[in-house]
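We give structure tokens for two forms of one protein chain below, kept apart as structure 1 and structure 2.
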Structure 1
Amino acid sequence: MAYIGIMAAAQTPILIAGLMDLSVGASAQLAGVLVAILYAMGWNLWLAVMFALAIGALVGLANAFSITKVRINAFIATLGMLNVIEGLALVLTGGLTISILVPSFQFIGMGEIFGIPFPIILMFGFFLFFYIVLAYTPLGRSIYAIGGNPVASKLCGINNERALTIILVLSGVSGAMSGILVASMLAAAAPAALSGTILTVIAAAILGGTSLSGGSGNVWGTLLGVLILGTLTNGLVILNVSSFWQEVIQGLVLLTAVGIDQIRQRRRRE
């Protein structure tokens, strides 16, 4: 679940700000594909990784432009970007899986430091980073203010557009890092490997107490949500539950999480 955790950590401030980034999973798909293709073309592997992260940032910047400048609804803007990026990943690969058999690259997804899997260290690093941003920086305070009341935050002198642009760019980078992590775990880039992960990402954040209405939430709650979903998924596999029923159960978990959030919001208003 480390790759889900990385995306969920970045999704948390976006949800707190009252937005939603549906394209983060597609950014992950594209990043893995780009690393594999560029390496096959003769690029230095780590240069290809940096390029993929930069493309993730560019996707976030494109989302920010659509939302803050063109004023497209965040749900529609990122949904459209999701389709564009997923289609591009399939076009670039022809729908085929591309191998990346490089031991140093596989360390990202399969290596250990002092007996701790590197993906876990990487995930905790992202959670710690976003915790510091939300708890100890002016950007974090701005994000909570925007989620609470975007008009009031603007009247208070907060640059809403700049704050939203920063967190959307960070989301794009986090998505790209997740895609690189998965490509390393599989030693290959599969263009459809991360399709549909955004629902799990959002469910983890909501289970952790982040509100879809914006203005409240924290990354450690999201981490708890990731662990709950990871335990549920692993438990279903161990119990040999059909993958079809797993989809049903995950959908019910998402609906339950949203329902709990709505009840929590109503009680707060009362």
Structure 2
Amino acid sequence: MAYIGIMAAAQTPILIAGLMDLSVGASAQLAGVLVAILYAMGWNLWLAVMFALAIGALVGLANAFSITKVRINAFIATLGMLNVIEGLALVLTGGLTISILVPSFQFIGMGEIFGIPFPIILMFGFFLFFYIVLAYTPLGRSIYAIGGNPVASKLCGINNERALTIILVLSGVSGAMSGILVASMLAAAAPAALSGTILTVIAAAILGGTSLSGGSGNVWGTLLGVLILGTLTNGLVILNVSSFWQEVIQGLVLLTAVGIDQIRQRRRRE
């Protein structure tokens, strides 16, 4: 679940700003594929990782360009980008899975520090980073302002475009990081391994109380959402529930969790 967490942490500020980045899952796929291919071509592994992260940033920058400069709706801009880079991952691999068997690379996905799995440390690192950004930096505060009312924030002298560009680039990098993480866990990069994860990522953030219309939310709520979804998937497998029923139960639990949250919020208001 750590890779979902990393993407969800980065998605939170984007949702708070009233946007959506559907392309993170695809960035992740592309990053995994790039590392595998470049390593197979004889590149230094860590150089390949750096390169994949840079490409992630570039994807974020391209998203930011089409959203803030060309003014395409964020949903459609990142949806288009999703298709473009997922397609590129397919083209690069020819649809095949490429293995990366390097012990030092395995550490990212399988290693432990003081008995704590490294992916979890990595995920917490991302959450802590986005928490600090959102709660303690001018950038974070301006993101809430943009989500609340983009016109007002602009009139207040906030540079909307710059703030949005930064969080979209961060989201691209986070996407690439989770792709590298998955590639390391599987010791392979598959071009379509992560398609469809984006809905889970957004669901986690919304479960955690981030508003889809922007303006409110925080990363710790998102972390809770990730944990709920993670426990659910894992629990159903351990409880030996038939995979046919798993989807039904997953849907119902999701609904119940949000329903309870709704009732609680209504009570508080009353």
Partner chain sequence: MTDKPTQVKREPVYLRLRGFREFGIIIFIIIISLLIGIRNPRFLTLGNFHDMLLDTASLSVLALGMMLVLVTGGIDLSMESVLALTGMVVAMTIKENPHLSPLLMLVLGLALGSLLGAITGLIVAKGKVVPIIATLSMMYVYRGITFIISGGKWVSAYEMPDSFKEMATGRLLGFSNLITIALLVYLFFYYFVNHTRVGREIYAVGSNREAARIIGINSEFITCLVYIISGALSGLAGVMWVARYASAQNDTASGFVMTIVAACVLGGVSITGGVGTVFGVLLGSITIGIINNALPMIRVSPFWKMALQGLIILVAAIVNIAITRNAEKSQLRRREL
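Since the structure is predicted, the reported quantities are computational estimates derived from the model, not experimental observations. Sequence positions of structure 1, starting at 1, serve as the residue numbers. Heads up, when I say rigid core I mean the largest set of C-alphas that superpose within 1.5 Å between the two forms.
Remark: the form predicted on its own is the source of structure 1; structure 2 originates elsewhere. Relative to the superposed rigid core, the position of the CA of Leu239 differs between structures 1 and 2 by 2 Å or more. Two rigid parts account for the change between structures 1 and 2, and C-alpha superpositions put the rotation of the smaller relative to the larger at 11 degrees.
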